[in-house]
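One chain comes next, on its own, written out as structure tokens in the form predicted alone.
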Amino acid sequence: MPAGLIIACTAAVGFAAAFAAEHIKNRRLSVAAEKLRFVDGMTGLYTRDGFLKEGAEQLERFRAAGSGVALMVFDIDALGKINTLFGTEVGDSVVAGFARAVSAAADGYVCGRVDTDDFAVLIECGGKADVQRFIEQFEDKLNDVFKETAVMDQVGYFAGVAFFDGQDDIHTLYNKANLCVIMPEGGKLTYFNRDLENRMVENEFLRAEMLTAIAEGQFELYYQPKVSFKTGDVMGLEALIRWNHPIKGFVPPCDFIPLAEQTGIITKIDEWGLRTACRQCKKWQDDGLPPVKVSVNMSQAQFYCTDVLTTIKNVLEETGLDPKWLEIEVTETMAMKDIERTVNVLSRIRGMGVSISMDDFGSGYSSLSSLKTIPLDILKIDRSLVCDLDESSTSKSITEAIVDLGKAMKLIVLAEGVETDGQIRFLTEIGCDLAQGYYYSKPRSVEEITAFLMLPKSARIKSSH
């Protein structure tokens, strides 16, 4: 064989081997990613995606056999309180123990951890008597897991039950049972009923409207400045969503955000908001305005149920925004639900060069031992404390302690809801860094905030007042 042909054949074999090795590596990575999506790392149960996927198959088998079916959702009561009283490690053990009790009672059925403190199971069931027997089995298992433990008297639950009507798909059935947990009717157990159904129909209509709003660009971002107490300069802008409905006009966030969170649509809205805010921030820079950091709120669903790291990375690449001009805001309550995940995800986001702020600080259950492990850049004092500064010595003491804590942790401290001269004087005296509130500016549309940013510093404050 000619030497050139031998070399070519050798190269081809080497290329094929390398290609095969790379294919195997990519396949393993794909399988690992698929497992992360469908299997919960803490409990070994299905995630929400996994439960809905496997549940759909089991539901079809039950339907084909003519069996009665019930989908049950269990919510751990006051997990945040347990985390505060006993620590997050104990809270994690409660979640793991709850998972063991659910899976033991549901032996042979599909069950999953569908949220931080929620579990779901799909069972063959002839009616309420069978549900009651399942509940008794579950409570027996729960008692076995937690008997003679320090948290035995603290572990409680709420449960929602929806019976299969022969028509519902797994998503609808899950939403019905989950609605019973969200809006319980008294006691630990709520069955899906006509009143809840009417509310669900209303919610489904609003859900469809929200999907249309995303598709047709009805959502808008307004921006509220974050101002330095020392210099009066605008140091950042928080992006806040508004819904400009074609018939209803502006729909307040409090009227649609809770439902968006319940139905999972919030993750689509969050991604749209992140992309829109980054694109606008880059446009301001391209138009010659002084660079200013933009902050975007992250929902619990986006943080716990999506690949938020990939989303942020892709958005930054698509928009061309330097990561140092983006800030991600998480609430104190959300961050404390799963400290291990919080630290892992936020560390990786911060590793991209993105800043992290903790919103609504002072309203939740966080402990100092937990807080010191979370990678943060900014601590935002909850507006409920700030609004009482003119009248409440207690709010003043708590606020001053938060500022001292932030300084000790080398964090920037921001006060939300600043509206009065008295609040400004006190916050300045105790060394708070930034203010956000109507004293400086209400949330403004893109056009309004652009004009605001172009005003001289003195004119900005005058125009706000």
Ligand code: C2E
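Being a predicted model, the structure only gives us computed values, none of them experimental. The first residue of the sequence shown is number 1, and the count goes up from there.
Although not depicted, the form predicted in complex with the ligand is the subject of the following passage.
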query: Close approach of V69 to the ligand in the model of the complex, 4.5 Å, heavy atom; finding: no
query: 4.5 Å heavy atom contact, R383 and the ligand in the model of the complex; finding: yes
query: Contact test in the model of the complex: C111 vs the ligand, heavy atoms, 4.5 Å; finding: no
query: 4.5 angstroms heavy atom contact with the ligand in the model of the complex for A105; finding: no
query: Segment that reaches the ligand in the model of the complex - one of 399 to 407, 55 to 63, 417 to 425, 39 to 47, heavy atoms within 4.5 Å; finding: 417 to 425
query: Contact at Q224, I266 and D359 by the ligand in the model of the complex, all three, heavy atom at most 4.5 Å; finding: yes
query: Residue among P375, G126, P253, G156 with a heavy atom within 4.5 Å of the ligand in the model of the complex; finding: P253
query: Heavy atom within 4.5 Å of the ligand in the model of the complex - the one residue of R133, K313, K188, R242 that qualifies; finding: R242
query: Heavy atom within 4.5 Å of the ligand in the model of the complex - qualifying residues of 438 to 454; finding: Y438, P443
